[in-house]
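Given as structure tokens, the chain that follows is alone and in the form predicted alone.
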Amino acid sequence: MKKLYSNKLVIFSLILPGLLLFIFAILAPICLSIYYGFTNYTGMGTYDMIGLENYKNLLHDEAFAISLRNSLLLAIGFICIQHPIAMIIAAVLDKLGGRAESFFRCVYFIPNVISIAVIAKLWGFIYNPNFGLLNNIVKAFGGKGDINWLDEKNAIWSVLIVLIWHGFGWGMLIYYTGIKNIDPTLYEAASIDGASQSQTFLRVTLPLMKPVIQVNVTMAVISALKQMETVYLLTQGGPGNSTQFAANYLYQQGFTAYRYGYGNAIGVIFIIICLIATVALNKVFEDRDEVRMRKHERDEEKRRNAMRKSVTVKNKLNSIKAVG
């Protein structure tokens, strides 16, 4: 088996399917988007190369600026509201045990298994200004109950609530899995040392969850940037562009306004923003001690290489002297 896996032809044949999938499903579309981003292509007929014109227009596009602002608001909502609550609930579920743990785990995950179309329709009824559930609750508490939750002033906050609620189950489940993978003996040791529940969470659970938090936060930020389906079905980016998001705006420009080249330019900027966000988050979550250790190891390796070179030079000089 070792001989088989050391064969370069076998290695290449194993890598080839995944490599072809990456080239045709990811790399080729990205390259085409970059190319069409420099054109005025409408999706049909001929087109001309217009250089950086699409990107210059993006700088002055108010709707695109609003879409980025809304994506940023959603990312902040995910990180500052959804994820802390998801982590606390995951920690509580871990302590519950038994049937209650299984029941509540399923309950919290239910929104993620419901169709996005159903979710959008459901919240459309809840937000309805005439017979919606929210306005009926306001009336029950003595209010007028005539609030338009999806008007230009309230729409973005209403949409953010839906998106944070809808994605809650995924975040909670990932944190729950991460907590379950922590060695129980660490909790036992903390309990013996007299640590309270909050101290155990802050000093044991939270530090050991750092890799899980990094993955979850990175996924949340990228999810906020590529948010489209729920927004499209609930508000279509309106009223005006108040609930516009980057991916939804890309779709509208490329396939509704027939500005395919412009839509691809938005896609390229979108990819760049995702890459920058991922690199930045990796930097934020980087283990400082590990970085220092790697730097120290590299320095030591350089020093050893320098010493070897010095010894080699001395040996050569001694050999030359001995021959002379």
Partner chain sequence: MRRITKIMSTALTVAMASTMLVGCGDTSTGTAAKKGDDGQVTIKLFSNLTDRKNGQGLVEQTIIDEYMKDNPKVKIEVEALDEEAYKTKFKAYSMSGMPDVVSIWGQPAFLDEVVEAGVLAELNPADYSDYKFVEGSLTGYTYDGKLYGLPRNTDIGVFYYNQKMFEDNGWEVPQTYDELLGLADKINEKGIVPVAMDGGDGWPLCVYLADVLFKITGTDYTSTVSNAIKTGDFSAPELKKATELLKATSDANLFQKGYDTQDYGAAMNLFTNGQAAMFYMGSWETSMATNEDIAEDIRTNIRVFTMPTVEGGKAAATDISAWNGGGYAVNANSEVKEEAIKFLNFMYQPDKLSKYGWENGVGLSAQDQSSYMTGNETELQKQIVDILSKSTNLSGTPINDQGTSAFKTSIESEIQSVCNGSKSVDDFLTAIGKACK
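Note that the structure is predicted; figures quoted are calculated from it, not measured. Numbering follows the first chain given and starts at 1.
FYI, the form predicted together with its partner chain isn't displayed, but the following is about it.
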*Considering its partner chain in the predicted complex, which of 258, 285, 47, 55 comes within 4.5 Å of it through any heavy atom?*
258
*Contacting member of 232, 168, 201, 187, with respect to its partner chain in the predicted complex [4.5 Å, heavy atom]*: 232
*Using heavy atoms only and a 4.5 Å cut-off, decide whether all three of 128, 152 and 240 touch its partner chain in the predicted complex.*
yes
*Partner-facing stretch of 158 to 166, 143 to 151, 171 to 179, 204 to 212, counted where any non-hydrogen atom is within 4.5 angstroms of its partner chain in the predicted complex*: 143 to 151
*Indicate whether its partner chain has at least one heavy atom within 4.5 Å of a heavy atom of residue 252 in the predicted complex.*
yes
*Applying a 4.5 Å heavy atom distance criterion, does residue 64 contact its partner chain in the predicted complex?*
no
*Report whether the minimum heavy atom distance between residue 236 and its partner chain in the predicted complex is within 4.5 Å.*
yes
*Heavy atom of residue 43 within 4.5 Å of its partner chain in the predicted complex*: yes
_Partner contacts in the predicted complex for 198 to 214 (non-hydrogen atom within 4.5 angstroms of its partner chain)_ = none
